[in-house]
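Consider the single chain below, provided in structure tokens and representing the form predicted on its own.
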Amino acid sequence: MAKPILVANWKNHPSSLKEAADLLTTLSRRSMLYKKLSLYIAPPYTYFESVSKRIKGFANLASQDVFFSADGPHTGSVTPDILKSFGVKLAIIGHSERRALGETNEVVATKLKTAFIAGIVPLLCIGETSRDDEGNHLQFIQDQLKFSLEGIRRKEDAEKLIIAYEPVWAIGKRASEAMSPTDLAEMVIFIKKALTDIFGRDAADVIPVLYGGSVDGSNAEPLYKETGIRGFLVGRASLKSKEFCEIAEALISS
């Protein structure tokens, strides 16, 4: 059975390289726990060299984004060849914060293709900003998947794809205000149905779906155990070693 997946998205934190090193030192003390997972850590680009050296043996390096072109001069951009030179295995693509800055499904689709060509596993983020009784948010999710995955039909690519469902309305709240296991289970079924429409059932069945949105040690176990997800994409809690450890333990014990 495949290992649970845990992705730490540090965003623009910690505020210094020393803090990042201290956090990794603390995480490394539980390396035997993290080895039981497919653990990825996505730090700011400026921390790549230090992080890549410190996580050897218990985690993989990930990127918070990938530039949509592998060729040519692109001032201020980090291209796939640079990511791979640091050992990046996975790239977060289409995060809600990138989409809020104007990143469209079409741009996301180009980035996904770039990641596939480079041999980097793409973690496609989807998620609605709000829910409604009419079900419009379901159409929104379906459209995100359809247009973000435009042009990607090969079974080999589908088998390398990971989906992260992050309802924007749940991000940054207390665990008690996060999505309930029942609602999440229903959404996972819906996402799998949408993926089946795109790739066919066999390919859709093997695509892991992660959840992100106010996950901590208090709600990680029921969210994982009762919903059909394969792990978590964690933001804020990934910077708190104790909380992050509790999430990891929930994935192992479930």
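Every value quoted in this text rests on a predicted model; they were computed, and no experiment measured them. A residue's number is simply how far along the shown sequence it sits, counting from 1.
Here the subject shifts to the form predicted together with 1,3-dihydroxyacetonephosphate, a form of this protein not shown in this document.
S.K.: Do E103 and 1,3-dihydroxyacetonephosphate come within 4.5 Å of each other in the predicted complex, heavy atoms counted?
M.R.: No, E103 sits far enough from 1,3-dihydroxyacetonephosphate in the predicted complex that none of its heavy atoms falls within 4.5 Å.
S.K.: Within 4.5 Å, heavy atoms only: does G235 come near 1,3-dihydroxyacetonephosphate in the predicted complex?
M.R.: Although 1,3-dihydroxyacetonephosphate is absent here, G235 would touch it in the predicted complex, with heavy atoms inside 4.5 Å.
S.K.: So in the predicted complex, does I171 come within 4.5 Å of 1,3-dihydroxyacetonephosphate, heavy atom to heavy atom?
M.R.: Although 1,3-dihydroxyacetonephosphate is absent here, I171 would touch it in the predicted complex, with heavy atoms inside 4.5 Å.
S.K.: S214: heavy atom within 4.5 Å of 1,3-dihydroxyacetonephosphate in the predicted complex?
M.R.: S214 belongs to the contact set for 1,3-dihydroxyacetonephosphate.
S.K.: Which one, 188 to 196, 222 to 230, 27 to 35, 206 to 214, holds residues whose non-hydrogen atoms are within 4.5 Å of 1,3-dihydroxyacetonephosphate in the predicted complex?
M.R.: The contacting stretch is 206 to 214.
S.K.: Mind listing which residues of 9 to 39 have a heavy atom within 4.5 Å of 1,3-dihydroxyacetonephosphate in the predicted complex?
M.R.: Those in contact are N9, K11.
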